[in-house]
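In structure tokens, the next block holds one chain alone, the form predicted alone.
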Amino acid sequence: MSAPAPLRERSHGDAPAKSPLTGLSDQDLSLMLTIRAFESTLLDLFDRGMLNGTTHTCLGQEYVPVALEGLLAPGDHVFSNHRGHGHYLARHRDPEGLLAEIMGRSGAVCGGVGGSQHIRRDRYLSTGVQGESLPVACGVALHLKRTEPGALACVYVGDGTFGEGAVYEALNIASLWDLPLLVVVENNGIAQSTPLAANMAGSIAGRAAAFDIEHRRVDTVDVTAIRRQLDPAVRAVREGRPLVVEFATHRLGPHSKGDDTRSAQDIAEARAADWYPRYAAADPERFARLDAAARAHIDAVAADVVAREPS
């Protein structure tokens, strides 16, 4: 498959790369670890026959929404997709409500009718329909421009979403109308079972350029560096300059809970690029302490939600 470019080990020229934990708060690292623990627990619950249907985990991509959330404001709107648990948890820090929703138990954020993919809470909305969120986000961005200047609409899509015509209609409108639209592309190199090279001619950067929209590519898992890189551009979005941010990331797990068609080599390459061992090696004591706390928290959440009545 044609995978994203390898993650860079050096930050500026030939200077040694800084530790990914430099400047990163315990809160942000804990959030990344909580998302990792949550997704791993979901797969375990499926293996134990305690969940029905399917789910799409963001294992390997947890750092993306955590980095972006540090640049977003409470008044911003966030639109997610089928692989959206990390987006929701970064926004709302609510593993109890999300797991209850997925399991159809009391306390579910949407009463148990949305499941894993279709969540609405305040200014957060996720859907499993690829490309659907972009035109909706454009409409919201237009509303924000007229009524709440300075707020933006952030929409997460994948590389496979660029096969949908609605994407290009939305980008055209966003550029023509100077909408405060932030498009975050989690490019993990494969759309379900189709490698990027088999379904996309050209590049995501080229598609943004076709609509005169700025494009930024992120090739690091360093949350602090990501925020530093994107902060000026996100500020410009709030002033009506739409932006496409492309993360060269990696999906560790299968497309959904058990349908991984990638070769063993592709999977090994994805795991070699994982942020988790890099962060662990940077500060073993701090990482182990926060990781254990995150796992214990999610274990307690799972035990509580499993024992609840159906919603």
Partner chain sequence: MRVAENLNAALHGLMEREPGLYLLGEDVVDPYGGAFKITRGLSERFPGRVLSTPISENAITGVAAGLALAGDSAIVEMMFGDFTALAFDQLVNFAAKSVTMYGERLPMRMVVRCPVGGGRGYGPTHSQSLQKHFVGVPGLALYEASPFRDHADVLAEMLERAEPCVLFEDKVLYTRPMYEVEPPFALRADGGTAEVSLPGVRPDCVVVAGGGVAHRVLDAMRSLLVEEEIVCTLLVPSRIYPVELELPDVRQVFVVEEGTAGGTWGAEVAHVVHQRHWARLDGPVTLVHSADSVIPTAAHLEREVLVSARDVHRTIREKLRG
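Small disclaimer: the values here were computed from a predicted structure and weren't measured. Numbering follows the first chain given and starts at 1.
Not on display, but discussed next: the form predicted together with the partner chain.
Taking the partner from elsewhere, Ser126 is found to have a heavy atom lying within 4.5 Å of the partner chain in the model of the complex. The partner chain in the model of the complex comes within 4.5 Å of a heavy atom belonging to Val140.
The closest heavy atom approach of His118 to the partner chain in the model of the complex falls within 4.5 Å.
Proximity of Phe211 to the partner chain in the model of the complex falls outside the 4.5 Å heavy atom cutoff. Stretch 110-118 is the contacting one of 200-208, 225-233, 67-75, 110-118, since its residues have non-hydrogen atoms within 4.5 Å of the partner chain in the model of the complex. At a distance of at most 4.5 angstroms from the partner chain in the model of the complex, none of the three residues Ser256, Asp274 and Arg295 contributes a non-hydrogen atom. Here is the short version: of Leu89, Ile173, Val184, Met103, the single residue with a heavy atom within 4.5 Å of the partner chain in the model of the complex is Ile173. Shown here without the partner chain, the chain has no residue in 268-305 lying with a heavy atom within 4.5 Å of that partner in the model of the complex.
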